[in-house]
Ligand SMILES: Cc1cc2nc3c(=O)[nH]c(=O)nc-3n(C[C@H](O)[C@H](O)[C@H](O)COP(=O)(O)OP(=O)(O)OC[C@H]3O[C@@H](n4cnc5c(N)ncnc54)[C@H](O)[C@@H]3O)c2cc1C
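So this first bit is one chain, no partners, the form predicted alone, shown in structure tokens.
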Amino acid sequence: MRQIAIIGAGASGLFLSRLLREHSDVEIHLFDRCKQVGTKLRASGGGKANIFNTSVTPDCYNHPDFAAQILSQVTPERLGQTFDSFGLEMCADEEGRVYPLSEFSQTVVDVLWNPEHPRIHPVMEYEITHVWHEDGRWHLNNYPTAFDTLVLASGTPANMIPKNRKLYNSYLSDLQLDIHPWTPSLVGFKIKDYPTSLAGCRVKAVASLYQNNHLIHSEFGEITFKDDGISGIVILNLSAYYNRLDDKQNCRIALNFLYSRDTFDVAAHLQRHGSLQGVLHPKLHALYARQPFDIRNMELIIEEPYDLTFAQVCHGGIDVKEVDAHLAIKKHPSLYAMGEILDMDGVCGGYNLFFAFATAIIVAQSILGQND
């Protein structure tokens, strides 16, 4: 009986355990520092679990070439078929975002997780701080079982308060891997000289990220004005592109509130009506009345992203060059890395969960000797 340890009971760890548990020659020990499994998965998609997207492409990620390698092995169609084989009914919206038909994230957790399964051994509220390989087997802390295979699926410190990040993934220092520092991605921005009167305003606009005068990325969506900065899905996506910049100096966001009115004449409207009260959100109008700005190009200078506490995912992790095509660590025997612990992050819309689930499929195939 092969003993397999999975560090992390998040999306990729749960999916891998579900794939492996039907094979009679394995026993799976699933470790997690939390009280329950799938903490972030339960919160995905506003609690509805946006499990993947039907139109995943390599350019949705920070390392497109590596993403293409993953997609060559696992497509969205194949992932959908796998979920279907688990009994999960799904639906997709007009933007290709796939949710469980129940639109409730617990449904996804339920089809993946069965702690009573005879080949599953959950070890909850257990922080892994030390791992080593000796005599052909993997050892974790002082845990009594040694393992033939170890899978790293402990994710990132995204959305964690500082005290909970203190020991998170500290075991990685034992493995001497090239690990990029974790920085917040899919996160809002603090804005320099921010007009605090806009706090609480929510409005749709085309948001464009510039560095100096170079356009990095532009996208339409809802903007949420917070106490000291901006957020919303479109801003989270801009943050993903911001994080891919080597030099993050001189970055700004431009907001176009007249995205659907190319021919609208602001000057003529002002001359006729005396204000933009009938055009702008009341808070934007109040700001404009005090300090006029270009409503097609409201410039906001980025001070810095919000910290990890507010991030949905992280930029950074184990360098993708450390793993082979089957996600085995090249320098360590019987060791795999999958999901967010790898230095891969995508935009909003199910792309990060797709990566978590797809990498679990690839690791399962390798462990079970099913590679083509």
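The model shown is predicted, which means the values in this text are computed figures rather than measured ones. Numbers follow the displayed sequence, beginning with 1.
Quick note: we don't show the form predicted in complex with the ligand, though the next part is all about it.
Engineer: Does the ligand come within 4.5 Å of a heavy atom in each of A5, R21 and Y143 in the predicted complex?
Structural biologist: No, none of A5, R21 and Y143 comes within 4.5 Å of the ligand in the predicted complex.
Engineer: Can you check whether T183 is within 4.5 Å of the ligand in the predicted complex, heavy atom basis?
Structural biologist: So T183 does not count as contacting the ligand.
Engineer: In the predicted complex, is there a heavy atom of the ligand that lies within 4.5 Å of any heavy atom of N169, even though the partner is absent here?
Structural biologist: Yes, N169 lies within 4.5 Å of the ligand in the predicted complex.
Engineer: Does A325 reach the ligand in the predicted complex if we count a contact as any heavy atom within 4.5 Å?
Structural biologist: Heavy-atom contact with the ligand at 4.5 Å: absent for A325.
Engineer: Even though the ligand is not shown here, does E340 get within 4.5 Å of it in the predicted complex, heavy atoms only?
Structural biologist: Yes, E340 lies within 4.5 Å of the ligand in the predicted complex.
Engineer: Counting any heavy atom within 4.5 Å as contact, can you tell me which stretch out of 315-323, 37-45, 64-72, 328-336 lines the ligand in the predicted complex?
Structural biologist: Checking each option against the 4.5 Å cut-off leaves 37-45.
Engineer: For the stretch 94-129, which residues lie within 4.5 Å of the ligand in the predicted complex by non-hydrogen atom distance?
Structural biologist: The stretch touches the partner through Y126, E127, I128.
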